[in-house]
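What follows is a single chain, given as structure tokens, in the form predicted on its own.
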């Protein structure tokens, strides 16, 4: 399967382990990555609020690049998925916005016709690769691990832009993947809530408590780890976890895995290959529950 790959900014900056592990599992799954190295940042939602016309042009350029390649656009970041889906919806449903964006894109030699499909890796795994194919590649069952899914906001809301009204089952894809690789999904209220990242600069303690409370709820249900399809959620839940523990005045100590890291572990890659030693919160305790020899 050929995809236009947009890794986003964070996977090549603060979370390089996500970029590395994505390449590992993509190769195993037969996903041919054509990285859009000249695509611009999505604006992470902030630009869409402050300057929608500029955001239409920037995200329209990325959509046009994928369209020119003749492939679906694959993201590995829930925020990128949400922003690109939003602008794809606006451009394809509002001719005046498409015309205005294309007037800008023409200066770069591009025209967007509105045919690109934007898909997060999580959706491609279930809808294009298929659970049977994933199951056939499992070399290391994660039996004994209780794994709490954490979706975050942008891959779930608003449903209209993300196609969740047509495919409501997308709200449960993480649980499906956890189950077929041998893990036990942990059900808890916070899995679809905001991690707090968008308000870190405005109210840091509140943002830290939001993320910390979600982790502690999952931990109270027995979770050994959380897994997320969003690197921004990962930053707030992993990198900020020591500060969250300080604000909440309690120990948290729960590792946060990126989705490709969890899948790669089941596919037989070593923790070092997946850079599971690159986290702020050590992954050691969770890995001790897994038979690492394959």
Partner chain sequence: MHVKMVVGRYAPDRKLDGELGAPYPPPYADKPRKTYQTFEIDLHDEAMVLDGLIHIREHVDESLVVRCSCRCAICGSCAMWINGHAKLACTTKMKDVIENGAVRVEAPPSMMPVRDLVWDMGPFMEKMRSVKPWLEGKPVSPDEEYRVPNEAMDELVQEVSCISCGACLMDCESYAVNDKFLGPHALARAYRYANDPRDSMQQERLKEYSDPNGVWDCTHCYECVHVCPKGVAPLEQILKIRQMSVAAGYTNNAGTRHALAFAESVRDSGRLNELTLMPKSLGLFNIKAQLQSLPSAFNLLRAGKLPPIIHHKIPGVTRVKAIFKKVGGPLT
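Positions refer to the first chain, counted from 1. Please read all numbers here as calculations on a predicted model, not as lab measurements.
Omitted here: the form predicted together with the partner chain. The next part is about that form.
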Checklist entry - Going by a heavy atom distance of 4.5 Å, is residue 153 a contact of the partner chain in the predicted complex? => result yes
Checklist entry - According to a 4.5 angstroms non-hydrogen atom cut-off, is residue 50 in contact with the partner chain in the predicted complex? => result yes
Item to check | 4.5 angstroms heavy atom contact with the partner chain in the predicted complex for residue 43 | outcome: yes
Checklist entry - So in the predicted complex, does any heavy atom of residue 86 sit within 4.5 Å of the partner chain? => result yes
Checklist entry - When you measure heavy atoms, are 170, 174 and 180 every one within 4.5 angstroms of the partner chain in the predicted complex? => result no
Checklist entry - Among 141-149, 205-213, 219-227, 117-125, which stretch has residues whose heavy atoms lie within 4.5 Å of the partner chain in the predicted complex? => result 205-213
Checklist outcome for this item: In this chain shown alone, the residue from 166, 132, 107, 99 with a heavy atom within 4.5 Å of the partner chain in the predicted complex is 107
Next on the checklist: Within 4.5 Å of the partner chain in the predicted complex, counting any non-hydrogen atom, which residues from 256-281 show up?
Outcome noted: 275, 278, 279, 280
